[in-house]
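Form predicted alone, single chain, as structure tokens, below.
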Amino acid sequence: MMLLEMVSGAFPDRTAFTDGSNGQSLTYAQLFESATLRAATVQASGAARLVKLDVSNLGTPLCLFAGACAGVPFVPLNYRLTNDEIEALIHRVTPAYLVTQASRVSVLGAMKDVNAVSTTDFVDDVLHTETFSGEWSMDPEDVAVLLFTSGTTGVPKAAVLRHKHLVSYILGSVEFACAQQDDAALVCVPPYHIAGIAAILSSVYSGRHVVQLPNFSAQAWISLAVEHKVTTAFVVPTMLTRIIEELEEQPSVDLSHLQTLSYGGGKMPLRVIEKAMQVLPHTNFSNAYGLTETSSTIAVLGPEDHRVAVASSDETVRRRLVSVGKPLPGVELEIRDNEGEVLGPGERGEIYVRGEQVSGEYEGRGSVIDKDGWFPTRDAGCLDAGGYLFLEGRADDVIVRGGENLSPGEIEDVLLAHPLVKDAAVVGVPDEQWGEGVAAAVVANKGAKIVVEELQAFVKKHLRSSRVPQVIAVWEELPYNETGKLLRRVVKAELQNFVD
């Protein structure tokens, strides 16, 4: 609330948020006043959590700041889950004030200790007549946001983000009131993802106009970008791939006003980012790496890094184009082996991170940060001699073949370097002789026909024979979730059936 109060004082009449689906907007003064009114409503309800179950719209920033003002955590839920999964999560955060689609109000509102209202009613000022009295808490230890993990390997965990974590991230990465009057950010990541929370906070603190895209499609993204002369945006790699494909089919589209385009949330194929830099030559690109538990971004490959890598003939420097850059100021990174020993440049292990913005805490489970403040990310990676971080997937994804640890990311990079391959995923599958074998699913470029034996020979040429996939399946597309994460467990299950 302190961040919002500062900006509403600096730019009261500047447009803060616009719902791209209907054009409805709020200025910064309106956002501040509306948040306090809704805080009074939430307090009067007796709720301990302010929950939102809906697509990105004006209700999202209103919920985030109203919760902060009322002193209750904001809990955005994944509206794509099944009804049973949604009800199970709501049970964990009651008593709750729930903001959701009108079609869900009657059913979810009948749950014990749930006060449900439609997003339309929540956004409408008519329902909020109480004036917020007193002051909002300034205790940095208060919980600001609870974000549930995807739960792909079990029951979802609720990551705890306190005010100190989120504010530390913003103060360390964003300059106050740095946005110009005409600057606009296009936000298309869902509100229940940490990137969605970070986009709201960073745009607000800079005083930028945020245009919300509730449901992504390349055409809708381009249309809104043109209509609002968007100057900055964040996308996941799969989104960028589709945007670039669409732009290639519409060469007359003018996006020269797009100054910066950030991406993250998954592996960015070298060919895609190179093509993107060609299609959008006036745009500065940044690759951001972060986690829910670290309050978003902890490492960035900036625009100058992109330009230097593309222009270089040095393969070491050029390879940095597929890295996630260097840690942000105030963030420390280490790569450790299974025994916890710190590894040197080029050695692959688990990524550990330390800094004020790092939470590493889960509701009901406590903190997993060690006594020295280090958080184990469970992501695998390595640092090169220049301090650039390369991701190698999840630490659990390592393939153990005959006692040798193989990195799926290393093999995927080689497959993606083949001119006929558009996308690739590598997993381990059961093997009687070696314990685990290497299997891959690939997607061919448009019009290309992949010969498996030729692709295996290509991998063998660039890597040792132990890393050559014994099984390669050619698919029309790989499975990704809505935030661009490869569903590696789905690939593994399908390829295991293929082997069987």
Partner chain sequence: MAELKTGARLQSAVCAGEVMVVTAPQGDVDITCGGAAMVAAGVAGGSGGEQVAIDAEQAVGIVIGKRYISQDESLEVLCVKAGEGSLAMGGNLLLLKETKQLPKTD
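From a predicted model like this one, the values you see are computed outputs, not experimental measurements. Positions refer to the first chain, counted from 1.
In what follows, reference is made to the form predicted together with the partner chain, a form of this protein that is not presented.
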Partner contact check in the predicted complex: of 418-426, 248-256, 286-294, 336-344, the stretch with a heavy atom within 4.5 Å of the partner chain is 286-294
Check whether A311 has any heavy atom within 4.5 Å of a heavy atom of the partner chain in the predicted complex, and answer yes or no. no
Hey, in the predicted complex, does L280 get a heavy atom within 4.5 angstroms of the partner chain? no
Wondering, does L270 line up within 4.5 Å of the partner chain in the predicted complex on heavy atoms? no
State yes or no: in the predicted complex, is some non-hydrogen atom of A493 no more than 4.5 angstroms from a non-hydrogen atom of the partner chain? no
As a check of understanding, the residue in A102, M138, V155, A110 with any heavy atom within 4.5 Å of the partner chain in the predicted complex should be identified as M138
To verify the annotation, which of these, V75, L161, A199, V211, has a non-hydrogen atom within 4.5 Å of the partner chain in the predicted complex? A199
Please determine whether each residue of L53, G71 and Y97 possesses a non-hydrogen atom within 4.5 angstroms of the partner chain in the predicted complex. no
Using a 4.5 Å cut-off on heavy atoms, which residues of 205-239 contact the partner chain in the predicted complex? Y205, R208, F234
